[in-house]
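Next comes just one chain, in structure tokens: the form predicted on its own.
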């Protein structure tokens, strides 16, 4: 019963957003809207920037993955691998602050050009800035996917290639490419959809109407122009394209693996491995190329953080910490994050228990996947699109300014719920499989069963799930941009407003506070809920 109620609530929320769009579109001719040059240009630019970002991410990630695979032993490798999780850790607005600090007109790159005697360049805003930000987030993700694919290549293939003298391009085409080729559809699908629905990056770095995506156009049509016909048309178009693109990419995907490790005795003939001859002259050039690739990637990933730190060290932005707007945004961010994270974790636990119960019952195993799919329904609708639909659904019956906080929390719950489900379903199923019959045989049920049987085994994954969902929620810049007001503001929204007012020093201070807040909250929740024995090692 609890699982059914949660699934109904999730389903009604997502379907309600879709119904709001459909009802409003009853008086709108979608085909006529598609004939408008503005809408066509927005669709074309959205597809173009996503395709370009995806292609560049795949192109740059492959040599970096090969370099990391060929050089398994160098100083700082573990740190660089941790940076490959950057897309899920760093709040988007914090990364944007750093990118502006590196590539903006007053950034580190232009400072370096000035030292060399070259004029300052304006290249950040527009398509260039969007691509730089997307590469910052997506290259590490694709690198991790490709690297773990290379780690799965059996050792006997490397030894056979070495025995046959296969090197250079032949080594890539015969040994590595068959594995990478199978990973490309899934990796490309993930990156393309992330770029296709990108909001904060395009909003901050787009630079004007010529660089507007569907997500930003929906926001502008509803927030500034209150043009419902355009907002609804773009929302429906985005849903259709997201579903179609997801089907195209993932129907040919073999899946992706985010975690893997080098096995003992790892060997490849052209790398620094335990059996390779490091003094062989033919390996010098590949080694130098790998070093160059790793250094460039490290500089690209770390320079935005360095720029943020340098801005903070100037000491000109600390006045924002005493401003009432900052304190209010800090309080709102923490409150929304904890409420959304707690609700999402409880919902995920209830759904996970339902899935595990169905899997253990031979009569209902075939339908066990349905609750999980319902819990992930929000993935088919980007936050701005779902927020638009719910706004249209409630605007005639409710004061939307009063409903704003509830919508922000609710939509946050829907979009962090899939992360919690991925974390909790495996351990809940394992616990039910091991102890459910035993506890029933002992006559244990309810709170006693939960306290003595399930809690010890689920404590760590629950702490990890709550930490992840709370951290993701506190850094969200999606739906708060649509419903945010002077009285309802979060730290990411405050950073965006400070950037818009060219107060980069203050924005950098808020960005550092946001990063520290995410780290502190994550550690406290994971240790408080999960216990002191260590962190939970989740495999996604």
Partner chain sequence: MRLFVLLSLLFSVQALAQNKPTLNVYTYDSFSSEWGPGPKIEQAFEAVCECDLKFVSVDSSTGILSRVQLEGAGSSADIVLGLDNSLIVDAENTGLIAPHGVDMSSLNLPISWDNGKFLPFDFGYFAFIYNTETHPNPPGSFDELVEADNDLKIVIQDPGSSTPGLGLMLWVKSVYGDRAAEVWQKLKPRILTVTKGWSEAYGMFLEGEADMVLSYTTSPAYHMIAESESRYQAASFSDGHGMQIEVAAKLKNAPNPELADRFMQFILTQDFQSIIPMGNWMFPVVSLDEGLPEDFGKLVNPAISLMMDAGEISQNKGGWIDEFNQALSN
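Positions refer to the first chain, counted from 1. From a predicted model like this one, the values you see are computed outputs, not experimental measurements.
Quick note: we don't show the form predicted in complex with its partner chain, though the next part is all about it.
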Among 455-463, 224-232, 375-383, 167-175, the stretch whose residues bring a heavy atom within 4.5 Å of its partner chain in the model of the complex is 224-232
Does at least one non-hydrogen atom of residue 337 fall within 4.5 angstroms of its partner chain in the model of the complex? no
Does its partner chain get within 4.5 angstroms of any non-hydrogen atom of residue 69 in the model of the complex? no
Is residue 482 a contact residue for its partner chain in the model of the complex, using a 4.5 Å heavy atom cut-off? yes
Please run the contact check for residue 122 against its partner chain in the model of the complex: heavy atoms, 4.5 angstroms, yes or no? yes
Which residue among 209, 114, 315, 154 has a heavy atom within 4.5 angstroms of its partner chain in the model of the complex? 209
Position in contact with its partner chain when the complex is considered in the model of the complex, options 104, 418, 286, 185, heavy atoms within 4.5 Å: 104
Go through 30-44 residue by residue and record those having a heavy atom within 4.5 Å of its partner chain in the model of the complex; state none if no residue qualifies. 36, 37, 38, 41
